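Below, in structure tokens: the form predicted on its own, a single chain.
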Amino acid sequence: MALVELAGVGKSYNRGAANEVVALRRIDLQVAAGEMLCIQGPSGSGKSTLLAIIACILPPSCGRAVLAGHKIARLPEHFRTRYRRQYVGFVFQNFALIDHLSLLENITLPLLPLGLPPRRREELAEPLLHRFALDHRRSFPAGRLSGGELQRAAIARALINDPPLLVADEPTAHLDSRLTGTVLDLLAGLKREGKTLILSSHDPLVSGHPAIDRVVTVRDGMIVNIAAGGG
């Protein structure tokens, strides 16, 4: 069963204006539940826009987009937000953590709109803190964490709502090869548990990892190749 379905999806910025930019053209893609996908391509190829549409952050300008059986292409923002919270965990390339907040506060931020009391939010964070070896850093301001800790914290925050889909934009961009391997092994563990993962990366260590099922190459806003991954 496909968790993500895109058919003829396009995205333009400043549509109809003299400075219109076409970021995506006629994207057709299906991602099965439990699959781990790597999207690669040069800078400006449309990878980040594609991830943002899949994650319900941006609406497509045209085409059909379905997430977990829900048509998302023409939904108002508040509906996209609801589906994003329910189905998607997003890991930003620059981590998007708030420096002055503690690691624990950052990880539990997505729970605030749910109105959960602080103790319940902490209880939900506990297994993630343990899993990603962050227990000893829970009270540290995010601005004092190392690159590897920031990446693990960003992944933990994306998982706090237990979404079926994890989307990560360049998840190893700021890491050396050793930490890259550690993060990829953590992500592969999520796949074994049944999560669906879509990663964008230009790093051959990502596309070649054994857990990757398919590698999708994007260029000039179009999918130009889909190949079997390292798995």
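Numbering starts at 1 and follows the sequence shown. Remember, predicted model here, so these are calculated numbers, not experimental data.
The same protein also has a form predicted together with a small molecule, omitted here; what follows describes it.
Within this chain, G189 is remote from the site of the small molecule in the predicted complex, having no heavy atom within 4.5 Å. The small molecule is not shown here, and in the predicted complex it never comes within 4.5 Å of any heavy atom of T196. At least one heavy atom of A23 is located within 4.5 Å of the small molecule in the predicted complex. In the predicted complex, no heavy atom of G69 sits within 4.5 Å of the small molecule. Figure note: of the listed segments 61 to 69, 28 to 36, 160 to 168, 42 to 50, the one touching the small molecule in the predicted complex, with heavy atoms no more than 4.5 Å away, is 42 to 50. Using a 4.5 Å cut-off to the small molecule in the predicted complex, each of Y13, Q93 and H202 places a heavy atom inside that distance.
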